[in-house]
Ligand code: HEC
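The chain below stands alone and is given in structure tokens; this is the form predicted alone.
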């Protein structure tokens, strides 16, 4: 990458200007009635785009009448999906369910509410792509025509939905900004064109849709408010789109260069334009805080958006303080010796360095690998099998598990409340709360969850580089990021910048995958791990062996890897994916969601990927242990509790 230092300084200034709080914004823009009229015009343009898509699908249906005309069928496929992409920002935002059917992954889905029922068959553009590429086969003509007709039906639903919808200022602009996140996290990775690899040109079309929609809705108003800003913004749009359209090779495209030089500055300028037009921000609580310019902004993600309830900011610190002490206090376990920190060492990014954590008192079946708690709050499901939704419920299961903490929560609460210091901390964290054992049990779990929600660290060398703050990544790591986003296909499951399975841009759903994890690192005589994964929670066929997509943040510190600790090094992990997972190794893995073909990464590329993963390390401000634990004046023997406990 050849970006100059002064460019980084310019971007830092742009970040600062774009993130100035939008105080005094009205619910509608300062353009008043004109704005409402232009949104009506923008809606009509979107509706015209839907009609154009419908017409292309009709033509595609007719093209199948000539079974040998592969050139026309492919041309119409490309035109139709580019047209879909042109209006994707509104389709995804206002009709996400329809969008998922039109362009969702080519994978079977099982309804977890209907155990024993048949899977839902995939449909839409990605299924059509899989039938059309890499080679056109006449025998798939009827299947392709069926997909085109399904798409036509979805378009008809979309027409009716749009006709009944009224666009609002804040949500319309929010849809524009969310599309920039979608392009950053999914478009650049090839998420929805995994075979034909049209994602860069399709991202250009999606961005052209954003540019056109902005021009219709706000172009004249911005020109009137700030003509230089209007020209700068449109010039940036055109330049960024040109770079995407000019890309010659999906794998070789320099994503870091593109993000730092083109897409990030464009996003900053969009926020500056929003402030100039006095368009209000959304007010709902969400993972991606309203007002973001890019997903790489500092302090952007709100872990409390994943909590069962929001609490006043004034209480978050006191609950975090209480939860931190409880986390390191062995009083929480049945034998008074094991603490949460026994399996989650701060110095190891809150893991324990074991393949599988040791059971309570050394007994019981081996447990799964202890996951990092850093950034763990930024997901919607917990445990490898996604057994619980909230951190509070995770604490409940761990405390009560006979193989983990083996505790009776009510007994723990009674013990804790015998410490005057703990009693004061509880009162400070939960002022005015009813003092009962049941209430205190809930409060204990809420405090532990508050502490884990404070363990957010998103300032790794990778983040610094993408924010334009410094040349923080090595050349090897920069190449590795490009591989991660391109040839190696890692980012199609581990979405940046969280690098977990929480799906952008809404960040409300955490994904699971079936990858065929082996029992160990030896591939010649590999055996499939017997852990049922999600199937042990919900017994539908698609859940056999399915595990949550974990974060790769701080992964260089958290060996060994996988839910069973099968691999001791990151290189072994990359080689497993390079081979195509369990199915690629020749194992019988029903429902594997990871493609089983080899990635064909060479030795240098494997090393570059490992270097990039190392650039995701940041534990700043998270690794400190309490210097002391609360005392029990009436019980001197309790004063010798080991901070962090032991196995």
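These numbers come from a predicted model, not from an experiment. Numbering follows the first chain given and starts at 1.
One more form of this protein, predicted in complex with this ligand, exists but is not displayed; see below.
> Within 4.5 Å of this ligand in the predicted bound form, counting heavy atoms only, one of 136-144, 92-100, 241-249, 376-384 shows up; tell me which.
Contact-bearing stretch, as computed: 376-384.
> I need to confirm a contact call. Of 236, 256, 454, 357, which residue comes within 4.5 Å of this ligand in the predicted bound form, counting heavy atoms only?
After the contact test, the surviving option is 357.
> Of the options 148, 473, 222, 340, which one has a non-hydrogen atom that comes within 4.5 Å of this ligand in the predicted bound form?
Of 148, 473, 222, 340, the residue with a heavy atom within 4.5 Å of this ligand in the predicted bound form is 340.
> Judged by heavy atoms and a 4.5 Å cut-off, are 157, 286 and 301 together in contact with this ligand in the predicted bound form?
No.
> Check whether residue 167 has any heavy atom within 4.5 Å of a heavy atom of this ligand in the predicted bound form, and answer yes or no.
Looking in the predicted bound form, residue contacts with this ligand do not include residue 167, since no heavy atom lies within 4.5 Å.
> Would residue 404 count as touching this ligand in the predicted bound form under a 4.5 Å heavy atom rule?
Within the cut-off, so yes.
> If we define contact as a non-hydrogen atom of the residue within 4.5 angstroms of the partner, is residue 593 a contact of this ligand in the predicted bound form?
The answer is yes: residue 593 has a heavy atom within 4.5 Å of this ligand.
> Although this ligand is absent from this view, report whether residue 513 comes within 4.5 Å of it in the predicted bound form, heavy atoms only.
Taking the distances in the predicted bound form, the answer for residue 513 is yes, it comes within 4.5 Å of this ligand.
> Going through 494-510 from first to last, which residues have a non-hydrogen atom within 4.5 Å of this ligand in the predicted bound form?
The one in contact is 494.
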